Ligand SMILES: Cc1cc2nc3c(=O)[nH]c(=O)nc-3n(C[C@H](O)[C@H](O)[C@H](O)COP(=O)(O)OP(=O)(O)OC[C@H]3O[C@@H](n4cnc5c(N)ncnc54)[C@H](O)[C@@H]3O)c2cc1C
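What follows is one chain in structure tokens, specifically the form predicted on its own.
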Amino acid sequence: MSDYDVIVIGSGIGGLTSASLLSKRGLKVLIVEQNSTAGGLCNSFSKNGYTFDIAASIFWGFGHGEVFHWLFSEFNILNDLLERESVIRKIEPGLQVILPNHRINIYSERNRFYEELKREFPSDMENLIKFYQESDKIEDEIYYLLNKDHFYSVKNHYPHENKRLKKLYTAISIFLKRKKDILQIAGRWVNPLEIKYFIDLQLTYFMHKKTSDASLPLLSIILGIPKRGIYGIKGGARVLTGILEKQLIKHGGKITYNSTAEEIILKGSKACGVKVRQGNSVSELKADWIISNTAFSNIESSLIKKKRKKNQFLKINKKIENGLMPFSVLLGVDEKVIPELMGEHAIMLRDYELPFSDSNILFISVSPGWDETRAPHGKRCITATYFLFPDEAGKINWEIERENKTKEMIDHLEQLIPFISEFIDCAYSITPDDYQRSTMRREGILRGFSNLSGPYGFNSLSFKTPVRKLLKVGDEVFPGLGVAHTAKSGIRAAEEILKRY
């Protein structure tokens, strides 16, 4: 007899999504979480009256028919969150792209966005609008294909439907393989370098890729995110985590904190349980299904003991791109120092002459002015982040350099927010070492799909693993990358299990 129908290792958004949906369908579910709080990187912490998001601070997927809209409808909480209590609100502009000599607001309404292009790139405006119109057309086609027969439903699983879905996915996969470098028409651009950086920064913001690494369909999906809407969450990222955690518990699911999954127990080639440590106590819990919301590197290095299976996970791990490790500075500031033109989310290229990496690219988020739960009256939170490759981050002694790197980041921010150093109430930093300790990710904090895999995940790593009854969710599987896509991976894993019940 199993102790649980499903055990979920890790309580990131992917794991919480799977667990809450399965609990609502009546399955007996347990989440094993090594930290004292749920959420993984979708979390916040409070200091001196300020609430800072740890990592996830830009959110999408709340528009009609999108993943969180569907998820909240499933739990009958949509009106409370999006309408009556306005916990989640749309942000305009959703994103600012800042170049050394340009500042472009990206609004959800395209005509308003085109006015920004007209102001900043008047000589290239006509070609830019044509490019975005073509991109939007491709993105609309993809969303239509994805949602036509297969909405985010965990109901009605019949063999003939699955066959139709397989054909649908195959067709989309072929469609998405078409490569088309958007800059092959560079001769048409008056300022090709500026246009390239403008597009590259948007892809870098949402998926850490450049135009040279992406097919036009993938690029279209990413460029369509602001069009479909960027949202703010009153109270920060931890509120989203709390919403899903509450639904899990409401429907009979269970979560144990400060609990470490030491081993996935195998019977032949099938997962049948988890060895869990709480303090000095170790117990073996049996389950019909295991969902892992931890990195492939963690599964291969510690959770799987059988050598043959370890090697299979090692091969998968090698296919995934190298990780990017963030360094973040969290500031509590007087709101009067924030420029009137400053958006709530921005990505900035500091210098055309410096490499397109490291501290030359800053990701900046400012807590919304309408959210007074995040900071004392008249104050705001700012999070500034840049990313390094692991070999670069490994050369730095972060405990020694923490203070210098924090000051360096503040100096960089002066370029965007003049005199900010004079209006700082508190400053904290989160180094790559801090991120690795909190997430236990061995080879980097954020990892994307391999460039060799299908560009939207149809031929890439999915929720299935080399071990039967062991599924994977999170940012390393389709569709991954971003809180909304991570939630989708959780829905897909839940679907797979519900087919068997």
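We number the residues from 1 along the sequence you see. In this text, all values refer to a predicted model and were calculated from it rather than measured experimentally.
Below, we refer to the form predicted together with the named molecule, which is not included among the displayed structures.
Of the candidate stretches 44 to 52, 430 to 438, 22 to 30, 463 to 471, only 430 to 438 has residues whose heavy atoms lie within 4.5 Å of the named molecule in the predicted bound form. For the candidate spot formed by 13, 34 and 486, every residue has a non-hydrogen atom within 4.5 angstroms of the named molecule in the predicted bound form. For residue 261, a non-hydrogen atom is located within 4.5 Å of the named molecule in the predicted bound form, even though that partner is not displayed. Under a 4.5 angstroms non-hydrogen atom cutoff, the named molecule in the predicted bound form has residue 387 among its neighbouring residues. The closest heavy atom approach of residue 326 to the named molecule in the predicted bound form falls within 4.5 Å. In the predicted bound form, the named molecule sits within 4.5 Å of a heavy atom belonging to residue 294. Here is the short version: of 135, 406, 359, 298, the single residue with a heavy atom within 4.5 Å of the named molecule in the predicted bound form is 298. Applying a 4.5 Å heavy atom cutoff to the named molecule in the predicted bound form picks out 55, 56, 57, 58, 60 from 53 to 79, in order along the sequence.
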